[in-house]
Each structure stands twice: as structure tokens, then as C-alpha cells.
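What follows are C-alpha cells for two forms of the same protein chain, given separately as structure 1 and structure 2.
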Structure 1
Amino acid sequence: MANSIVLPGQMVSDKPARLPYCYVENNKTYATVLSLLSDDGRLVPLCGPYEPLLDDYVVSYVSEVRFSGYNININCPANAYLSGREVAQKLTVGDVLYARISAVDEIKSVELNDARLLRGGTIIEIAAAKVPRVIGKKNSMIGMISAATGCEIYVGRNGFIWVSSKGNQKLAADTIRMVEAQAHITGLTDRIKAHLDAHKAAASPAAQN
């Protein structure tokens, strides 16, 4: 399926559409950042900071412990807030979470819920606009990377990605970086598959004899 480059201010739909990094004017939808537009109408931004949206799932970490909850870094200028009632155990600064954005107000103050504590891994930071390419259609890209590396991977819409230490963490991180760097180039899925297959072949017993 072909992708076309969309420039800021270019129309991406002749109808109002709720798309990331877009605005609606006169019942038409326009891009605000450089993006890729597929034939089926999917828009993949190629730049731009993370814009928190209701129901986004984010990878984040505790930046401050407060009396009744926690300030959480979600890769935005302002911290998000997580109530202590939303977690079963006490958290400490640096604890990594996977959580849902439950509220965003007009000044982009964010509240979180459905938080899950992630242990035994590391956070990789990529451009938030490249996250859809890392996820892939119906989780195809991230599923392929996880299966090939044996790593548990949580992808946040905010550009933070948590990769477990169980599995080939370095290969997973390198592959995610490759997706980020080549997000604008067609045939990406085939190249990533070839990259992972090459590492699998090189690590096989026959290749090491």
C-alpha cells in the first residue's frame, strides 16, 4: 500500500476526523505536522511533541511522591497526576508505570488511572509521532519485534517504550530505533523482518559452528 507525504496545512480528509496532529476547519481535516497518509486514510505523523489524549495508554515514571498520590512524568512539559487510590501498593520515585489517561483539561493537565507497575526492564524514548509505526497495523510491528526477541514490550503513546530485561533487550531496542529512523520509508515491515531474521540466523548453533 502506497504512502504519500502530507505537509503541514495540507488537507487529509474532506470530512471532520479525530486524527492526531490535525485540526478541523470548515468541516475538513488538515495536518499540523509532516506526516504519512496511506491509501486507507491512516495518518502517521513524522514529527511533533506528544499531545496527551483521553484514553491514551502511556509508559511513565514517578517523579514525585505527594501526600495523596504521585506526580508522573509522561514525557510532557507538565506532569500527570495519579491518585494513591489507583494503585494497590505504595510507589517510589523512579517506579515505571503503564497507565491510561483518564482526564485532560483545556490547559493539558492530565490525570491517570488503570496503572500497572512495570519491573525489571528499561525505558526507551523515541519521537512520539513515530509510535504508530512502532506499533504497526493491529500491533503487527511490535508483535513481530516481541516474538523475535522474547521481550515483553509496552509501548506508550507518549514515546516512552518499556522493554523487559528478559529476552534480547539490546536487539529489541536496536530494532525499535530502526523503525523510528526509517518510519517514513515504504517497505518498512519487510526490512524489519529481514533484520530480525538475520540476527536469528546469526545466533543459531549452525552459524556459530
Structure 2
Amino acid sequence: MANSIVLPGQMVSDKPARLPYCYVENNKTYATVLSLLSDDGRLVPLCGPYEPLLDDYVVSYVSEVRFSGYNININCPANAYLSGREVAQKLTVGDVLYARISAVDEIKSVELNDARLLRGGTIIEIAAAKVPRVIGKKNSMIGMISAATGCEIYVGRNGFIWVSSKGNQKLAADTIRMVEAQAHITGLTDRIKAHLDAHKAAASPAAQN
């Protein structure tokens, strides 16, 4: 990979370019966040808060019950709103949901729909920028973790990951955090596979006894 790390204020192009995570001054383009500069000249942030986008699926929880709906925490500065019509049952504060972002406006007010209640699990929080690595190509990474641990896992684009209590939840959580910590280093899939296999080998003699 020829990707290089760029820092805020670093020039990414000597021509004015309207790119995300960039600004233009004196006909030159500069980066605004710590990010990777890809070969095609685009920036991929390495850190930073979640930016809600339309049609993103997020893991979230109810933070406030209102008259006709719910305020939902989606790991982003602005609260999301879920109308009471979108869910069949009554929700309470702390209920975990897997939901789709149905609307975002310019001041980042978010509306949700297609919500699904998740019971009997816990939320792990990781950096939103690392979510694509946790999912992997065609769900390969998360599929591997889920199969090895026997956990049901829902990954939200916002950096919240729900892991069911059924299965080896701790191993799943540790592995996901390992993916987060090493997301930028190549050969990640092999290392994660080795990590899961090592735990499997360690656990199996104990299971026989």
C-alpha cells in the first residue's frame, strides 16, 4: 500500500480540490484531519467522530422516552429520533436497537426507522473509522468472529457493536478490540484467525475434562 499518513494542515494537492476532509486556501488543498492519503488522492480518516449518513445501519440505545417517540443515542453529538410508530412495542431507556438512518439534515439531526430491538447482550464501543475493518470484505471478519465465538454480533456504522451474551462474549469483545487496535496493519485477517484458533485450542482440553 502506498498510502501515507497526512496531518491537519498538510498539503494534499497544489490545486484547489473540493474533497471531503479538506479545505482550500490560496488555490491549494490542505487536509483537516489525521487521515490516510490513498493513491487516488482521497483522504480516509484514521480517527474522529461518527458522521451520520443516510441508510447507515447503527447500533444505538434509547436515551429518553418522549411523548410520541424516543431520543436515541447513536454515538454522535446530535441525538437521533425514532418515532413511536416505527416500533411495535413500548421501549424504555437503555433498550438497544439496530436501526436504519432514514433522514439526516445539514445540522445533523437524525431520524431512524426499521428498528429492531436487541435483547440479552452488550454494546462494545470502537472508533467509527475502524468499523469497515471489523466487518471485513463481504462480512468476512465479523463472520469469522461470530462463528468462532458462537455470539450473535450486530455491527453499527457508528462504532457501537452489539454482542449477544450467548457464546463466548468476552473472546468476541477482545477480538473486536484487537481488530480496532490493529486495523491499519496489513495481514490482519491471519492474525485474528490465529488469535481465535489459539483460544479455541486452549479452551478445548478444558471442555473435555
Partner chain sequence: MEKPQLIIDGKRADGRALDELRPIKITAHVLNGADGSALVEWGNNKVLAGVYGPRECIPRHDASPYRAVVRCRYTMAPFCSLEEHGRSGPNRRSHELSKVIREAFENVVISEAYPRTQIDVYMEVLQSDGGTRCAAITAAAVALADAGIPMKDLVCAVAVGKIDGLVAVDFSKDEDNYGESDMPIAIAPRNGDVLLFQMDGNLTREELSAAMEMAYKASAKISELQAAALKAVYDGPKKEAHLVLGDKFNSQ
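Just so we're on the same page, residue numbers count up from 1 along structure 1's sequence. Keep in mind that what you see is a predicted model, and the values were worked out from it rather than measured. Just so we're on the same page, rigid core means the largest C-alpha set that superposes within 1.5 Å between forms.
Engineer: Just one question: which structure is the form predicted together with the partner chain?
Structural biologist: Structure 2 is the one predicted together with the partner chain.
Engineer: I want to confirm the hinge position. Given the rigid-body rotation between structure 1 and structure 2, which of L46, Q182, A78, I135 is it?
Structural biologist: For the motion described, the hinge option is L46.
Engineer: If the chain moves as two rigid parts between structure 1 and structure 2, put down the smaller part's rotation against the larger in degrees.
Structural biologist: The computed domain rotation is 34 degrees.
Engineer: For D39, what C-alpha shift in Å results between structure 1 and structure 2 following superposition on the rigid core?
Structural biologist: Core-aligned C-alpha shift comes out at 8.2 Å.
Engineer: Can you give the CA shift of P8 between structure 1 and structure 2, in Å, with the two forms fit on their core?
Structural biologist: For P8, the C-alpha ends up 6.4 Å from its position in the other form.
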